[in-house]
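Coming up is one lone chain in structure tokens, specifically the form predicted alone.
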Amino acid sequence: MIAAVGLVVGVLAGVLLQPEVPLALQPYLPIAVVAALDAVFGGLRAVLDGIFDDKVFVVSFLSNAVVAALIVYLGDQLGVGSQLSTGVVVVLGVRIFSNAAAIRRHLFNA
């Protein structure tokens, strides 16, 4: 429940305050958001499976976003930023869809 409230508060704060992301960080923001969504879907799946741990969720949320952004940064430094960005999005996308499928199976028994 805390995660859902935090997500809603964060989205509302972003919409109302409309923070400006520095130009240098703009390439990393979408990757960090996808990584954070992966953690949110994983947390929701854990709640439904009855194994949710708030400490694991917070560490997963932060570390997913930081590691994904660091991978893309490293790719930028090596000149292959777009390829690594695509790789990160594909890997996290597969995880998100896997968690979404597990959530669907749990909720609808299908």
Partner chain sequence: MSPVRRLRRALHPAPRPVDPHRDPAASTRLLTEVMERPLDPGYAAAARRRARTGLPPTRAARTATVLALLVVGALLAVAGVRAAAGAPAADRGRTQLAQRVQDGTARADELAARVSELRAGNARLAASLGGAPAASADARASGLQVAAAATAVTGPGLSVVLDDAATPAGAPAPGPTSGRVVDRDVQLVVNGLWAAGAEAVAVNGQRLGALSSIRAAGEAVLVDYRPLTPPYTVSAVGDPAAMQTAFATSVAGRYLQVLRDNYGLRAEVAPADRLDLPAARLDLRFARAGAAGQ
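Positions refer to the first chain, counted from 1. Keep in mind it's a predicted model, so treat the numbers as computed, not measured.
What follows is about the form predicted together with its partner chain, which we do not show.
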Practice prompt. Using the partner position in the predicted complex, report whether Phe52 sits within 4.5 Å of its partner chain, counting heavy atoms only.
Written response: yes
Worksheet item: Within a 4.5 Å heavy atom cut-off, is Leu84 in contact with its partner chain in the predicted complex?
Response: no
Discussion item. How about Leu37 - does it come within 4.5 Å of its partner chain in the predicted complex, if we only consider non-hydrogen atoms?
Written reply: yes
Worksheet item: Is Gln77 close enough to its partner chain in the predicted complex to count, meaning some heavy atom within 4.5 Å?
Response: no
